[in-house]
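A lone chain, given as C-alpha cells: the form predicted on its own.
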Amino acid sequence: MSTVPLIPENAPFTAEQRAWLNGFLAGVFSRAAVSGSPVGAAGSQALTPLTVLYATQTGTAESLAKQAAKEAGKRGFAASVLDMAGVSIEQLPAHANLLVITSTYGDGEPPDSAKALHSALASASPAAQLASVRYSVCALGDTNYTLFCQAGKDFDAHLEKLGASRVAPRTDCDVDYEGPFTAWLDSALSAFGSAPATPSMSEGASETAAGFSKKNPFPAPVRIVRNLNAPGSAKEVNHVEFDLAGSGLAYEAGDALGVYPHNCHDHVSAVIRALGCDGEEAVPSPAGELPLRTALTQHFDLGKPSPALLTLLGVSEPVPHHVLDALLAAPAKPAPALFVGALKKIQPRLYSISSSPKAHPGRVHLTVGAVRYEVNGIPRKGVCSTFLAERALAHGTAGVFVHANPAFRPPADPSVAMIMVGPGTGIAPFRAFLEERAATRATGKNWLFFGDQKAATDFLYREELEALRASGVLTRLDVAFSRDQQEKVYVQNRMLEKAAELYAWLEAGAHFYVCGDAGRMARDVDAALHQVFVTAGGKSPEAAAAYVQSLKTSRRYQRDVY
C-alpha cells in the first residue's frame, strides 16, 4: 500500500492550509487506491501550485481570495491563500504562480496589512529579481475616489519592475465587482494553464444568493431613527435600528452592515424633468421592466455619471458632479431606455455596526452622519445617509446584508486590554466592542478616546458611555471637543498628553484600534502613535516605525477607516 505524501511543517503554509492540503492529498490517494490508478506515476496530472495573495481593509479582498482559491482547486491547482501582512519581498520568489487581490482606501493607500510589502516593493531595485514569478492583479476600488484602484496599480507596476511576468492584464473593479472579478479570475487561471472554466463559478454565485446576502438583501424593518445631537449642533448623526428577526443573518462586533438606499424623490423628479418625461415610461432595470420613476428611485445611481452616460449625452469637460448635471448640460436628451442603460446600478453603503448581537439579539444598530452639502450653490445630499435620516422609517424597510470584517475584532482573549480611538461616527464599532465586553464579562481593561465639535451638542452616546464607565467596563474615557475652546483640541492631542500611560498599556499587550476618517484623522492618530513611542518609549523615529509595524503585523493595531 502506497504512503500518502504529507506537506512538511516547514512549507510556506499556515497550519490550516497545511491541514487542508494534506486532507486533499489523502483524498486523491484514496480515490486512486479504489480505482487502481497510480498517483504521481509518469503521465499523471500533477496539481499546479498557486498562491492567492490578498490585502484587505474591510474583508472584501479576503473573501474574494478564498473564492478564487476554491475555484482554482476545481481547475487543477493546489491553491493557498496568504495575507500580505505575513509575506515579505524575500519570500515572493517561492510563489511561482501568484494572484494578487487588493483593495485601496483613503487617498490611494494600500490596506494596513499590505503597507510593509508595498513599501518594500516600491523601494527595491530591479536587482531584487522576481523573474521566477508569474502573476496577475485584481484591484478593488471605487470610481468616486480620484485615485481609483491605486494600490492595485502600484502592486502591478512594482512586480513588473522587479522582473515578474504578467500572465493576464490587471482588472480594476468598481464597487460592483462581481462580474469583472469573475472574468479576471477565469482569464488568469487560463493563463496559468488551467482547464477551461466550468459552470462551477456561476453555481457558486447562485449558492451564495440562496440566503440573504449582497445579491439578495433582506428587507429589514426599520424600527428606530433617532438624532443623537442636541439642538444647536452643526451636525446630524442618527442612531438607526433594524430588525433582523427571521432573516438568518448573523454578525459579530466589528462587522459592517450593507444598506441599499433609495434615491431622494426630489432628485429623481428633477432628473425626470430634465429628460422631458413624466416618469411612467417603461424602462429595463435589474428587477425587470419598471416605470422610469420607480427604476430611478430604487435601482440606479444618480451620483457621479459613468463614462458611458457622458458619451451618450455628448458631454465632456468639465466633468459634471452628478447625473443631473450631465443631463442639464446635454445638447439633446436620450430616450428613457437608452438613458437608464448608461447608468450604473445603485450600490449599497457599508456602515460599521454599532451594536453587539449579544446585547441586542435580533437587532442591528448603526450610527450614521447625514451628509448634506452644496455644489455651485445647489444643495446636495448623501444618498444613503439622508435616506436613513429622512425616508427609511416612512418606507418601513431597507435592503440590508452583513459584511463580515474579520480584520477588525476585539481581542480573542477577553483579558487583553483595548485602546480605542473613535471620534464622531467613528465611535460606532467601539460601542459594539464595549457592549460585547459587558455582555461576556470580559476582564480586559478598555480605554476610549472620543472627540467631536462641542460637548453640549455632539457627545454621542454620552449617557451610555458614562454608565459603562461607572460600571467599570470602560476603564478610561478621554474626550476632545474641538470647538469648546479657542485652540482646537483633537483625539491625537489627548493621546500625546497621555503618552506615558498609552505606552505602558501597549507594552503590557493592549490592542490599539482606530475608526473614522482615513484622509485626515487616521493619519494624525497614526503620527501621534509613532510620537508616543518616541517620547514615552525613548525610541528613535526608525525604531518607533518598526514598533508600529510590528503591532500591525501581529494584528494588535487594527483600523476601520473610510
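Counting begins at 1, following the sequence as shown. Just so it is clear, the structure is predicted and the values come from calculations on it, not from any experiment.
Keep in mind that the form predicted in complex with a small molecule is not shown, yet the notes after this line are about it.
Asks: Given a 4.5 Å cut-off on heavy atoms, tell me which of 382 to 390, 337 to 345, 81 to 89, 433 to 441 is the interface stretch with the small molecule in the predicted bound form.
Replies: Among the candidates, contact is made by 382 to 390.
Asks: Please identify the residue among Gly279, Pro411, Pro320, Gly369 with any heavy atom within 4.5 Å of the small molecule in the predicted bound form.
Replies: Contact with the small molecule in the predicted bound form is made by Gly369 alone.
Asks: Looking in the predicted bound form, any heavy atom of Ala114 within 4.5 Å of the small molecule?
Replies: Because no heavy atom of Ala114 falls inside 4.5 Å of the small molecule in the predicted bound form, the answer is no.
Asks: Can Gln67 be called a contact residue for the small molecule in the predicted bound form at 4.5 Å between heavy atoms?
Replies: No.
Asks: Would you please decide whether Arg293 lies within 4.5 angstroms of the small molecule in the predicted bound form, comparing each non-hydrogen atom pair?
Replies: Close contact is absent here: in the predicted bound form, Arg293 is far from the small molecule, nothing within 4.5 Å, heavy atoms only.
Asks: Flag Leu327 as yes or no: does it have a non-hydrogen atom within 4.5 angstroms of any non-hydrogen atom of the small molecule in the predicted bound form?
Replies: Contact check for Leu327: no, nothing within 4.5 Å of the small molecule in the predicted bound form.
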